[in-house]
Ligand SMILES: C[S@@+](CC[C@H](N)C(=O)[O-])C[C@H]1O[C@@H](n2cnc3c(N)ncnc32)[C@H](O)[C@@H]1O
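Only one chain is given next, in structure tokens, and it is the form predicted on its own.
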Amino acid sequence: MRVGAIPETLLERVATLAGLAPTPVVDTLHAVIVARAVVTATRLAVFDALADAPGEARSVAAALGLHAGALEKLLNLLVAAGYLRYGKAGYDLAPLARKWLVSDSPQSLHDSMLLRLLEWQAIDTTEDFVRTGKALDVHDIIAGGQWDTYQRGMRALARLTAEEVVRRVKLPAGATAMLDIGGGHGAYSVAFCRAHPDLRATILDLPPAVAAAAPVLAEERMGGRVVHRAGDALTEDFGTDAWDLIFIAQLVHHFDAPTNAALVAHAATALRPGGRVAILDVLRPRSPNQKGQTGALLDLYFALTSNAGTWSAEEIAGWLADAGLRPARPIHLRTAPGISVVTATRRT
């Protein structure tokens, strides 16, 4: 999936094809203003306010305690961006906003939008990173209540893919034990356990992440079937022949290749015969010329936040094979283009 300038009229299409459209302005100004408008409307509950019925700027502003004139400017931009529609009854939600941005929608990304504010703090350091090669530790800029924002935002993204992941990642027969490494919010563990009644899951994550994620997990009412364990995945003992599934989601992009290879080798030892490791992440294209803008985009983002980045399917499969596991073909998720799951099985 790509982001960029999208022509709206015939003249704009011709200008774009002829190389006359000022694409850098769209990429660096227009996109930023739209992004900020969507996040602002989410934070100020504008989409939720329009969920039940359309409204004019003045009535919405009065209900939310906002400035009517300023809100009207925001609403007009959201109409132009396709998030709202405007008619006789006033401003109304477009299907795009109703599906993704109303807080009680089953597919809601409301909490993920709030996470953008933390991510933008990291993105602001891009120039320093390119000058010095020195990355942030993204966890160092998360403080206090921001941990709750982080966990809920990550859960919102995980919920988009959890059902497909559970359906396509096959468990060994009679599986009862799952280790979810770095899975704080618990969305994947919960989905696996709901689909497999005999399965129990342990979520291993850093102590601050566990403290923030505990209330989030409690909302799922899974009782003792999904539990947290505070610890560092790089030093914690996973046990031996202990797990049928070891699930590692959105984690390997934080570590360099030797660290990931060691983590995978540690996980392989902890698997039961026939058990599986599943690594979910954004995959980087093997070549910059290949399609896969998401992988390249997040390769830079994760590099500046952890000095690592995204990895190719071949690199991940190499770690798995070196650990004595049998890699399978990557599973490319339909519900989140750009995200894939690389699995491997311990030989019986």
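From 1 onward, residues are counted along the sequence shown. Fair warning: this is a prediction, and the values are worked out from it, not measured in the lab.
Same protein, other form: the form predicted in complex with this ligand, not shown, and the subject of what follows.
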query: Option from 267-275, 164-172, 124-132, 242-250 whose residues, in the model of the complex, bring a heavy atom within 4.5 Å of this ligand; finding: 242-250
query: Position in contact with this ligand when the complex is considered in the model of the complex, options 75, 217, 154, 201, heavy atoms within 4.5 Å; finding: 154
query: Contact assignment for this ligand in the model of the complex, among 222, 233, 118, 191, heavy atom within 4.5 Å; finding: 233
query: Residue 254, heavy atom within 4.5 angstroms of this ligand in the model of the complex; finding: yes
query: Partner proximity in the model of the complex: residue 147 to this ligand, non-hydrogen atom cutoff 4.5 Å; finding: yes
query: Touches this ligand in the model of the complex: residue 90 (any heavy atom, 4.5 Å); finding: no
query: Distance check, residue 158 to this ligand in the model of the complex, heavy atom within 4.5 Å; finding: yes
query: Contact check for 283, 295 and 299 against this ligand in the model of the complex, heavy atom at 4.5 Å; finding: no
query: Within 4.5 Å of this ligand in the model of the complex: residues from 179-200 (heavy atom criterion); finding: 182, 183, 184, 185, 188
